[in-house]
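Consider the single chain below, provided in structure tokens and representing the form predicted on its own.
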């Protein structure tokens, strides 16, 4: 008899976004007229076309594959040198951050990397996650067997939850207990909060003092407009000795359907083997990529490289400004009807407190039924998310303006 991985049985009933899809589908089936005017501000998927520079690069790369002389088969699992160099140079070295080309690992998504990184860590680690939290961080640890069961509030035994509230600006306090692996995400999904240099410095100092490792999700760093805010954990002195950074082309270049991202693993980063010996993580992640991944396709990597050209950079900036314009419109609409609003300034997400006495899923149903708008209930991001909901700015301008109009018309 074959046995399954019992850890999957500990997962809560349905991943957040499939549950949203199920509820929306049910509503549309019973309300076909309302379904036609539905505006989706839930899942953070982009809506606008790819930058022209990326499209041209993909066409050129496909044409190369049409000829024997320029055809390419398997590429390097860690990413082509041309893209790794473009990333390291433009995102890091040009900004005064020490990152070598071969410390960049190109993948098909940050979501994948945030889960796959657990392959190189043992079961002995005490793991800390922000609360509210991007569900992937929690669920992949459950799948890997790093937790016990969930309690009635959805918190899993064995994880350390770091509360993120308006009182701390949605940046968690340093824990009183020792932890070994810390998930941090800034700009934050779901709250739209950002972390200051001083706040990240405290986390780096803690990690170095406790030989902990920070898993830093910077998928939305391109949306930071405040020059005082750090875009990378590696802007903080000492972070190369205690952090791994995840980034993506999904939201800045519109690659959600194209799939391309990267992870930065410094060669100086180490962890302990069971025999107490300190070993570098860089070769382990490289081995993991070589064993379980065959690399991102050549046309996609050429498209990602094109985003760093002068033309591509201008087009990426225009996309970001477009979505942040949506964020301003939606944020202001919520504020005008008296809702307590966070985020939406240096991030494409608006985090909104529900009116008193209304739960997160109740607010989801209300927005769906009364305004025909899909939002994301805060409780889907953890216990501390209850009493909030997330609005995504990834939409057309027309939809953002119409959604804002409907929000203003709601009787809350």
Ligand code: MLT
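Given the structure is predicted, the values throughout are model-derived calculations rather than measurements. Numbering follows the first chain given and starts at 1.
Separately, the form predicted in complex with this ligand exists; it is not shown, and the next lines address it.
For this ligand in the predicted bound form, the listed stretch (40-48, 61-69, 23-31, 359-367) containing residues with heavy atoms inside 4.5 Å is 40-48.
In the predicted bound form, residue 251 approaches this ligand with a heavy atom inside 4.5 Å.
Mapping the unseen interface onto this chain, residue 231 falls outside it, with no heavy atom inside 4.5 Å of this ligand in the predicted bound form. In the predicted bound form, at least one heavy atom of residue 220 sits within 4.5 Å of a heavy atom of this ligand. Residue 111 belongs to the set of residues with a heavy atom inside 4.5 Å of this ligand in the predicted bound form. Checking 170, 134, 255, 216 for any heavy atom within 4.5 Å of this ligand in the predicted bound form turns up a single hit: 134. Distance criterion of 4.5 Å from any heavy atom to this ligand in the predicted bound form singles out 189 from the list 189, 141, 326, 301. In the predicted bound form, just one residue of 334-364 lies within 4.5 Å of this ligand by at least one heavy atom: 349.
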